[in-house]
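Here you'll find one protein chain in two forms, each presented separately as structure tokens under the names structure 1 and structure 2.
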Structure 1
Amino acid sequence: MSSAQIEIQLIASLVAIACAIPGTFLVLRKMALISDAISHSILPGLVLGFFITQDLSSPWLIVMAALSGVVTVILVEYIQKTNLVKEDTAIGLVFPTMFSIGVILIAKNANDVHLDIDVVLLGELAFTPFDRMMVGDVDLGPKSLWVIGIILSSTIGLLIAFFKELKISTFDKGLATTLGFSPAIIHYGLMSVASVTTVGAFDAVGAILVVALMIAPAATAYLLTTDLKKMLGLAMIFGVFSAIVGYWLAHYLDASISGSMTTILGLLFLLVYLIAPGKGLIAVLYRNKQQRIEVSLLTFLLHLNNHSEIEERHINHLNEHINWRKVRAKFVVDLALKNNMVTIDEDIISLTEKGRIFTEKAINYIISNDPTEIEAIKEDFFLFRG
């Protein structure tokens, strides 16, 4: 493995970690689309920063781009608060306008300057090892590595310093206000970090991969845990994994590095979306199936509880009265027998004492719609709710 390959993977991994931190909070705040808006709308900030400094390597470009991102968030929220349009519509109005302003400024005033829109959008990690930071004759490594390293260090420092405030304001703004700190300040601080991270990663990976690294790892981690610290850790791990595997996939296929990394992110999310223990599609489908079984069992027991006539409780009557097929009727009866809720004597089904108590609790739950009632049923009778 060459030094260039190591540097590319290291830069991609640092970008993945730097994006995962604000991305986790954006996903939890249901603001995933705002990352896409920021990634495009910071372009006029970059252009204005260049007009002021006349230097593409100036840190003022990052500052101006971050301010542009914050302005985008403010505009989106202002439009949304009018209640005339929803948040997604507000985002769709603001970020194309901001991005278009940046494109016009480049086209009219910076045609002879290397502000390549395609590179901004797509990025090219393969070129990062060639843009070196030199101090005299000393080579300090790729410039992108230093930029994203400084941003990541700052982001981690801010996360440690304001973790409690971020956590509380994300889940309970009212409690945050009661405790004496402003959720709005935390919010705009988070948006500023997201903006700075996006700008810092522009040169290396481009806007498309920045959005993917900000949202996909966090969304994948969200399906696996409800613990914030674990979610942050998993998002970082998924981001780094996708960055490294994506690089080698691109190397093997001779394809776009950013495109390959984004593909791995998508495949990883799809895999977790299918098999996640609690929130995955397979688990949800299985849980829904088991809940349908519970409903069938409740229907069967309520039928027995409401009818004392022998002909209504005959095993063959299930197909006629409840309109069940024989296979389903047999399954429900076997389940009731297994849970010791019914007895069968000469094809006549009767509730046991346990079945009668269960039915009474079920009726109480139906009447009161009290979640504690169903919890008591679950604990007492070990039915198949997840």
Structure 2
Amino acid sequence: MSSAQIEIQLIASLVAIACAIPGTFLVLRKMALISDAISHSILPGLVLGFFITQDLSSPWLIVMAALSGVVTVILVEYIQKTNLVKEDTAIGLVFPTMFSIGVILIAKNANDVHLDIDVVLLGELAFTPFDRMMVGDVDLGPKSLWVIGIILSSTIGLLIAFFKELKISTFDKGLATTLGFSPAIIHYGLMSVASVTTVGAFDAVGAILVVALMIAPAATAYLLTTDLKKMLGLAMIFGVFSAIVGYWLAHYLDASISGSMTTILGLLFLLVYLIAPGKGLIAVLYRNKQQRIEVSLLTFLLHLNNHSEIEERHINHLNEHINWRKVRAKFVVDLALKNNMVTIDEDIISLTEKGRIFTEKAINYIISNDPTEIEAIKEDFFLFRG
């Protein structure tokens, strides 16, 4: 591995970590699409900033671009407040318009601005090692490494300093207010961090792929844990994993690094989406099937419990009366028999003592919604898991 390759992977990993932190909170706060809005709308800020500073590496450029990100958030929120359009429409209107302005500005000034549309969409990770940070004659490494490094360390600093506030305001806005943390300050603080990070990452991975780096690792982690710290950790690991594997995939295909990082993120999500224990598709489908059986069984038991009349309990009656279209009646009856919940005597089904007690317990739980009762039931039955 050449030193340039190592530097690219290092930068990509740092970008991934820097994105994963605000991304986790955006996903938890149901504001994932705000990152989409920010990443698109910093473009006009970047271009205007360049017109003013005439220097693509000026730190003011980052400030200007980040500012335009925050302005977009405020604009979206303002439009939402006017009730002129529905909430999601507000986002959908603002960012394409901002992005269009940026693209047109670039196209019209193609000769002056050292930015082209490809860079906007894909970033130029592959070229980052060539832009060095020089003090006198001393080479301090790639400039991007410094930029993203500074952004990342301040993000981590803020995360540690305000972890408690962030956590409370994310999970319980009301409590945060009563405890004296202003959710508004946290909100705009988070938006600012997201904007700055987006600007820093923009250079490396491009506008739309920043969104992937923010949302995908966090969403994948969210399928595996609901613990905030674990989720942050997992999101960072997934980000770094995609950065390194993505780099080598791109190397092998001779294609865009950021495109392949995103592809890896997508595949990672797909994998977890399918097999995550408890929350993955396979687990969910399995549980749904189980629950369907459980509900049918309980419905059946309850029916027996409610009716003492013999004709309501005749085995042939099940089909026409309870109208089992979706569940095979026989399967349910067999299950009840196997669990010693019912007995069949000359085609008349009766509840056993065990079945009766169980049914009453279950209904008590459902009506009272009392979590202590569920514990007892869990033992002898598999209903209500999750």
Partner chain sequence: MCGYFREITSINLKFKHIDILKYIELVFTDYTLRTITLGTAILGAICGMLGSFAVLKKQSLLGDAISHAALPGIAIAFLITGTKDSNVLLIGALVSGLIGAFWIRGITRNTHLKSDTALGLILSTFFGFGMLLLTYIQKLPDANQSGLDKFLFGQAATLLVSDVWFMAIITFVCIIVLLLFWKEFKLLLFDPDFTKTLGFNTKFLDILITSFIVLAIVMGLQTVGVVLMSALLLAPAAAARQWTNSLRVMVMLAAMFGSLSGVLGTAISSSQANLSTGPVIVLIAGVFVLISFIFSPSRGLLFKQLRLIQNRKDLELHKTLTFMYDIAKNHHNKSHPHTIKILNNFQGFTKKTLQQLEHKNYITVEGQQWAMTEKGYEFAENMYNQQMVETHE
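Numbers follow structure 1, counted from its first residue as 1. Just so we're on the same page, rigid core means the largest C-alpha set that superposes within 1.5 Å between forms. Nothing here was measured: the structure is a model prediction, and the numbers come from that model.
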Which of the two shown is the form predicted on its own: 1
Threshold 2 Å Cα movement between the two structures at L335, rigid core reference: yes
Residue shift check between the two structures, rigid core fit, E87 Cα at least 2 Å: yes
Core-aligned C-alpha movement of G102 between the two structures, 2 Å or more: yes
Following rigid core superposition, Cα shift of I348 between the two structures in Å: 6.1
